[in-house]
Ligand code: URA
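Given next, in C-alpha cells, is a single chain: the form predicted alone.
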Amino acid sequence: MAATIFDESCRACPRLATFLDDVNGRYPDYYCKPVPPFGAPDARLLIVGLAPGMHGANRTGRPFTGDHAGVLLYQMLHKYGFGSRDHSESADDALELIDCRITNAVKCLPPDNKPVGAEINTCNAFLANELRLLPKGAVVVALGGIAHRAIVKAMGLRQVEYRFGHASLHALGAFQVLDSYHCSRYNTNTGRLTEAMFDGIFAQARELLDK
C-alpha cells in the first residue's frame, strides 16, 4: 500500500470487503471493487470525495458517475474548463478531465455511505501517496468534512490547526486545500449547499490555479 495510490484487489477492510461481496451478489452487473481515481495523472486540481456511492461509482467504476452527487460536480468542472463535457454517464463515455483528477478518501463502498474511522485510516495511505504526487501550486477541493480530515491526516498535520468550513482555504505545504460541503443529494435538497455556493468554489479554484 505504501508504494501506490490505488489497489484494485485491496481487501484490507473486512467489513467493506464483505459488504462489496454482498452487494455484488445482489447486483452482479455492478463494478463492486475499490474505485480508482479518474483524470489526469499530473493534474493541478484534485477533487477528494468521501467514498463511492452504492448506485453511482460502485456501479460504474468511476468516481461521481451514475448518481445525483456527480450531476452538479461535472457541470461545474465543465463550466470552469476542467471537463470536456458537463455530464458523466458511464466509465467508458467520452468525458475527459482537463488538468483535474477525482479521487475518494475511501475507495470502497461503505454500508449506508458511512465508513468507520479504522477504514478511513487504512485507506489513508493511498491518499497520502496521491497527495505527494501533486505538482507545486496544486489545489485540492475537499468535498465534506471527512475528506478534509483525511487530507490533513495524510499530510501528518494536526486537525485542530486546520478546521473544516465551507469555502475555507488552507495552505498545506506545496498545495492548498479548498473546502466545500459535499454535493450530495441531502446537502443540495436541503439548501445547505446551493448551486451558487458550489459555483463559487470552482470559480475560486480556477482563479487560484490561473494566478
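All residue numbers refer to positions in the sequence shown, first residue = 1. The shown structure was predicted, so the numbers you read here are calculated from the model rather than taken from an experiment.
The following text describes the form predicted in complex with the ligand, which does not appear among the structures shown.
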Listed residue that, although the ligand is not shown, lies within 4.5 Å of it in the predicted bound form (heavy atoms), from Ala51, Ala142, Ala150, Leu45: Ala51
Thinking of Ala57, Pro63 and Ala69 as one candidate spot, does the ligand come within 4.5 Å of a heavy atom in every one of them in the predicted bound form? yes
Within 4.5 Å, heavy atoms only: does His182 come near the ligand in the predicted bound form? yes
